[in-house]
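In what follows, one protein chain appears twice in different forms, each by itself as structure tokens: structure 1 and structure 2.
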Structure 1
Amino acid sequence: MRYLFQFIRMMAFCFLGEMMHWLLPFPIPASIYGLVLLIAALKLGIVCLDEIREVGNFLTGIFPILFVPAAAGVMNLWGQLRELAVPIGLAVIPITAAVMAAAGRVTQVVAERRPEQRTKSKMRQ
């Protein structure tokens, strides 16, 4: 029964996310609203981690499987994809690598610089 109640809580946050998506005019998906609401509930102590942990870990564990049906949908769009093969190929492979590198490098450089600056400014004082 533990799982039942965990699942009910998780579904309730999905439902609230869907309601917010329906109510608010922004192009933000229900899943993102649900995620933000669940973090807020955890931070505010409305939901405790042990009350959703197992179901949550199960769901994040099976994450890649859930994309298979959508990925197989590519088969229906071969024609359109082939028409734009070169630009799409460039967007999908080198540009994705560039974005990953840029986001990762900037995060790493800023994260590693900040503690040094803090210690330097403390030393100056």
Structure 2
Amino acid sequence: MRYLFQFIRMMAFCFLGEMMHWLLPFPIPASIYGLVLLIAALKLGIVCLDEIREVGNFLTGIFPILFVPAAAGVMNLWGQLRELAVPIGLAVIPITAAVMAAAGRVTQVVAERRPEQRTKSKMRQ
């Protein structure tokens, strides 16, 4: 029963994201609205992480399975995509490397800040 309530909480944010997408004129996907609302609720303490942790871990665990239909669709269109394989590869490979480098750098900066924040918070106490 606990999993059902956790799932309902997460779906509520998905629904709110859909409503925002319907109401607001911006070209932002509803899922992004829902994620931003969920993050805001977590940061503001409206929702505790423990209230959605298990379902979140489950959904993250099955995430790759959700891409199987898309990959099968790409394979069905291989005849049309073959002509664009080189331009797509030239675009995807450097962008992927840039994203990985940026994510790694941001992670390093955040990891370096954490000990400083702990020290400052201990000094305040």
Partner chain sequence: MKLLREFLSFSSLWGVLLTLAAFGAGVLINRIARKSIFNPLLLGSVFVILVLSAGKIPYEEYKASAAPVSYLLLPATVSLAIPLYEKWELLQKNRAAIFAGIAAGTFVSLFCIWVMAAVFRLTHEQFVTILPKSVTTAVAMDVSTELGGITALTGAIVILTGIAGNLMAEAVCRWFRITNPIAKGVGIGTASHAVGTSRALQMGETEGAMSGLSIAAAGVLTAVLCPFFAQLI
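Because the structure is predicted, anything quoted here is derived from the model rather than measured. By rigid core we mean the largest C-alpha set that fits within 1.5 Å across both forms. Residue numbering: structure 1 sequence, from 1.
Legend: structure 2 corresponds to the form predicted on its own, while structure 1 does not. The Cα position of Ser31 differs by less than 2 Å between structures 1 and 2 after fitting on the rigid core. Residue displacement note: Met11 has its CA displaced by under 2 Å between structures 1 and 2 (rigid core superposed). For Arg105, the displacement of the CA atom between structures 1 and 2, after superposition on the rigid core, amounts to 6.8 Å. With the core fitted, the CA of Leu77 sits 3.6 Å away from its counterpart between structures 1 and 2.
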